[in-house]
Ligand code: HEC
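Next up: just one chain, as C-alpha cells, the form predicted on its own.
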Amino acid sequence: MGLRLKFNLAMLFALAIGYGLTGYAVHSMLQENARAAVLDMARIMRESALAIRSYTVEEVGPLMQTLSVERFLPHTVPSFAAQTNFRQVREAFPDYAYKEAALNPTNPSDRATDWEADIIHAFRNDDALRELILERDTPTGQSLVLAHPIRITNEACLQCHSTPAAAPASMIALYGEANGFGWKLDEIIGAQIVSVPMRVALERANQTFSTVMISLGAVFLTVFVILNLLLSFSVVRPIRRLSTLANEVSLGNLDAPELEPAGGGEIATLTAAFNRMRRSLENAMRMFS
C-alpha cells in the first residue's frame, strides 16, 4: 500500500467522522431551534387569548351587564370571546388552533376530545403540573401542543356552574340543564390547549441542514484535493525520485545524477544526506578498486 493511498484512507476516515459528528450536531441544533420557534408561537397565541379574556371581563362584560339580565349573551363569557376570535384566525391559518376544552362544559362545542381529555386528567392527577408540552401527529403533519390547566379560582364562576337552579334562566334557556354544572372551587375543569403546526418550521430546518451539509461537503472536498496536491508535490514526488535514485545506486549505477535538495524541509535534508552517503560510497569504491 503506497504512501498516498495510506494518507488518503486516513484523511477520508477523519473527514467522514468529522462530517458525521458535525451533521449530527447541526441537525440536533436546527431541530431544537425549530421546536423552540414553534413553542414561542404557541406562547404568543396563549398570551393573545389571555388578553382577549381580560378585555372581555374588564370592558365588554360591564357594558353588556344590563342586557345579560334579559338574555344570556355568550359574548360576555371570556372563553367564548377568546375561542371565537381564534376561530376567525383559523380561516386564514387552519392548522393553528386554540381551545378551552372541558370535561363537562356548558357549551357542547367545548367538550374535550379523547386526547384533550387525557391532558386534562394529567393536570387533575398532578396538582403541581402547571404546563404541558407535547407533540402529536395530525393529518397535516406533526403539531406542537401547549396546554395549561383551567382551575376554578373565582367563586363568581359557581353562580352559573354549581347547580341549574343557581344558574341564570337565560343561560338555561340557551344551553339547557344537562351540561356545565357541578363545578367546585379550586377544581381543574379543563385546559387551555394551543396547537401549532411544526411542518413549516421543520421543513425550513431540513432545508437549512441540507444547505449546511452540502457546503460542508464542498469544503471537505476542497481540503481533500488541496492536501492531496500538497502531499503529491511536497512528499510523494521527491520521495519517489529519491527512491528511484537509491535503487539505481544499489544496483551499481554510480553515474546517475545527484538530486538537488529543494526547499529546507525534511525531504531536502534527507536528499542532502543521501547525496553525502552516495559520495562516501563512491570514495570507498575507488579506494578498493
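Note that the structure is a prediction, hence the values are computed from the model and not measured. Note that residue numbering follows the sequence shown and begins at 1.
One more form of this protein should be noted, the form predicted in complex with the ligand, which is absent from this view; the next part is about it.
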Segment assignment from 133-141, 119-127, 170-178, 202-210: heavy atom within 4.5 Å of the ligand in the predicted complex: 170-178
Is every one of 72, 79 and 157 within 4.5 Å of the ligand in the predicted complex, counting heavy atoms? yes
Which of these residues, 198, 189, 97, 145, gets a heavy atom within 4.5 Å of the ligand in the predicted complex? 189
How about residue 85: is it within 4.5 Å of the ligand in the predicted complex, going by heavy atoms? no
Examine residue 107 and determine whether its closest non-hydrogen atom to the ligand in the predicted complex is within 4.5 angstroms. yes
Since only the chain is shown here, I'm wondering whether residue 216 would be in contact with the ligand in the predicted complex (any heavy atom pair within 4.5 Å). no
Quick one: does residue 89 come within 4.5 Å of the ligand in the predicted complex, counting heavy atoms only? no
